[in-house]
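Here you get one chain, nothing else, as structure tokens; it is the form predicted alone.
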Amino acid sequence: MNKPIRMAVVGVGRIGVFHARHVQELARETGVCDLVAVSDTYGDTASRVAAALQADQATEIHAFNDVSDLAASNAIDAALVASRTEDHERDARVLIDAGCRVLLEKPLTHSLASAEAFVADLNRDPRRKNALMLAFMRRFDAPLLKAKALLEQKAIGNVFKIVSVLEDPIPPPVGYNSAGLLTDMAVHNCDEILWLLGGPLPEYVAAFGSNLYNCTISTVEEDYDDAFLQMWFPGRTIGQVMVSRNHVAGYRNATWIYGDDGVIHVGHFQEDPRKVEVEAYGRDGVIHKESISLRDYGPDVPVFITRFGESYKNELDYFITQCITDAPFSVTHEDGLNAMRVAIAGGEAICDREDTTRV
């Protein structure tokens, strides 16, 4: 395709606006895309955001209140969908039916049954099978990609355990709709472990949940505010996920990978939140150690943008590149379904203090 990819962003709430600005940045830096439309069902959000974004580009940005009108406009080639979880499947289907390729924020759909049906439908047709990419931005994160490269180099030998931690310092925003802490929050962690291991799904899961602190201050109803999930993979490999709303001292995001010859740590909780340490230690000491600097998005952004803003942009850049060449995506609806299966299985297996044995 010689002309720039005409992009739309569907759902321009707090993360959707960042996605739209990344489209604009790539347009200025590479000329391979144009932001031509935004869509949002809430009030005047679409027109208001379009007007704000228009100041940064010459190409007109059209505002739509419904994705069906956007799809019927024939104005776009591809779209990034960051709408509400319950609208993911509808929005993606409408756009794919109109011939667009779609980068879809997690989770794939609002339920496992609908996700399985959606995947089966996409797989029936070759064009639709290659139409959707799941937005698992951790796969495009420089620190985690370095860890993945160290694994592939067998720097720590054979892996037997991966621990992925995600802990928020503040409650979800007012009005947020959660399907449950593990189901809502741990999908990225589950995909990260599946991606790092590069193998089959776990055979078994177990999980624990507690209500500790966030539940006393948040207006968002959720089953738990702190949870632990363990996966057992074929052989002697396990994955562990720790998620929490209670890390009041700051956003904590870290991964530990254990092998029979050493340990890799990717850490993000320190004095400078714009630096991530990637460390590998073996039996004889340091294998690798570096500090990766992150882009400065300023102080008034969500904590996950400070940590993963560049990853979102890298992911978008990859998506647009694949659209230009009409190539398949490396992260698909199948990956979205697999991560959902693990997180939902954990949510179904979760137990709390009432299910334990008194000492």
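Sequential numbering from 1, following the sequence displayed. Keep in mind it's a predicted model, so treat the numbers as computed, not measured.
Absent from the display: the form predicted in complex with a small molecule. The rest refers to it.
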**Study point:** Heavy atom distance at most 4.5 Å to the small molecule in the model of the complex, all of A82, Y176 and Y312
**Key:** yes
Practice item. Using heavy atoms only and a 4.5 Å cut-off, determine which of R252, K106, K148, R93 is in contact with the small molecule in the model of the complex. Key: K106
Revision key, fill the gap. As a check of understanding, the residue in R101, H247, R139, H188 with any heavy atom within 4.5 Å of the small molecule in the model of the complex should be identified as H188
Practice item. Work out which of the listed stretches, 326 to 334, 22 to 30, 61 to 69, 36 to 44, brings a heavy atom within 4.5 angstroms of the small molecule in the model of the complex. Key: 36 to 44
Practice item. Give a yes/no on whether Y318 approaches the small molecule to within 4.5 Å in the model of the complex, heavy atoms considered. Key: no
Exercise for review: Report yes if any heavy atom of E222 sits within 4.5 Å of a heavy atom of the small molecule in the model of the complex; otherwise report no.
Suggested key: no
Practice item. Please run the contact check for F304 against the small molecule in the model of the complex: heavy atoms, 4.5 angstroms, yes or no? Key: yes
Practice item. Tell me, yes or no, whether D184 is in contact with the small molecule in the model of the complex, where a contact means a heavy atom of each within 4.5 Å. Key: yes
